[in-house]
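Okay, so here's just one chain, in structure tokens, the form predicted alone.
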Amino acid sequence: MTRPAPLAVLSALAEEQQGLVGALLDAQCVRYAGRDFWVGRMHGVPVVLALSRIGKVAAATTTAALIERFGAQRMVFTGVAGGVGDGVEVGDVVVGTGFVQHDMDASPLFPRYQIPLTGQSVFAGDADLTARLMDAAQLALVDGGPRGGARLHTGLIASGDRFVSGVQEAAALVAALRSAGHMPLAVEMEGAAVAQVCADHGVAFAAVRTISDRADDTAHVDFPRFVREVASLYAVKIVDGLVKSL
């Protein structure tokens, strides 16, 4: 009998995934590519948890390992991001429908933001997995979650190898993306890289981010506390709901 491919769940920080490791049944830690992968089951579904680490290259390495070593055919990223879209506030949740690298610029050889030799600037999330993730996120918000009054947003997430933490920097980044027809809701440092690797391998990808800040001068304030007391709790609720739907 062929064993079902596991669902891979990625986070950048250990604090974002602490509750998920605790929810994994029959958990075993596998060391590979300098990383710890936690393999087990949730609600009867085979799951492998991993930390992407921070940044696009690290995230791409971890994604490739999950696909090639563990046979993952569905990939979900959960973590935090800075809100840059209109009405996207701290504590809100964003489910990505598309992913763009805001620091990709190979012009004039290729249009700005386009990944060279792919013809693509935006990599879309898998429709079915994203829809299930939206439903799970909405249910988590309806249940109240750790922060009342939070709202769910869906749309474009922008990734880059820089922690955006200044009002002027964030405004310039958003203005440049919008001038190219891209309307980002949130910025982070891994999602678009994971989306690109998954596209190369034909693996379904979806991502959810809890907004920890507005990508401004206060972005670093109480960040660890927010991850521990808000984002990690949302991650457990949302992933639990997603797995139940599979």
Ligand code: SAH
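Note that residue numbering begins at 1 and tracks the sequence as displayed. Computed from a predicted model, the values in this text were never measured in an experiment.
Although it is not shown, the form predicted together with the named molecule is what the next lines describe.
Colleague: Could you tell me which one of L49, M189, V208, V194 places a heavy atom within 4.5 Å of the named molecule in the predicted bound form?
Modeller: Selected residue: M189.
Colleague: What is the one choice in A59, C198, L185, A215 with a heavy atom within 4.5 Å of the named molecule in the predicted bound form?
Modeller: By the 4.5 Å criterion, the partner-contacting residue is A215.
Colleague: Choose one stretch from 120 to 128, 135 to 143, 103 to 111, 79 to 87: the one whose residues place a heavy atom within 4.5 angstroms of the named molecule in the predicted bound form.
Modeller: That would be stretch 79 to 87.
Colleague: Report whether the minimum heavy atom distance between R162 and the named molecule in the predicted bound form is within 4.5 Å.
Modeller: Within the cut-off, so yes.
Colleague: Is A27 near the named molecule? Define near as a heavy atom within 4.5 Å, in the predicted bound form.
Modeller: A27: no, not in contact with the named molecule in the predicted bound form.
Colleague: Consider A33 of the chain shown here, and say whether it contacts the named molecule in the predicted bound form, taking contact as heavy atoms within 4.5 Å.
Modeller: Contact with the named molecule, no.
Colleague: Under a 4.5 Å heavy atom criterion, is A64 part of the interface with the named molecule in the predicted bound form?
Modeller: Looking in the predicted bound form, residue contacts with the named molecule do not include A64, since no heavy atom lies within 4.5 Å.
Colleague: With the partner absent here, would M75, F99 and V203 each sit within 4.5 Å of the named molecule in the predicted bound form, counting heavy atoms only?
Modeller: No, because M75, F99 and V203 lack any heavy atom that approaches the named molecule to within 4.5 Å in the predicted bound form.
Colleague: For the stretch 223 to 243, I need every residue with any heavy atom inside 4.5 Å of the named molecule in the predicted bound form, listed N to C.
Modeller: The stretch touches the partner through F223 alone.
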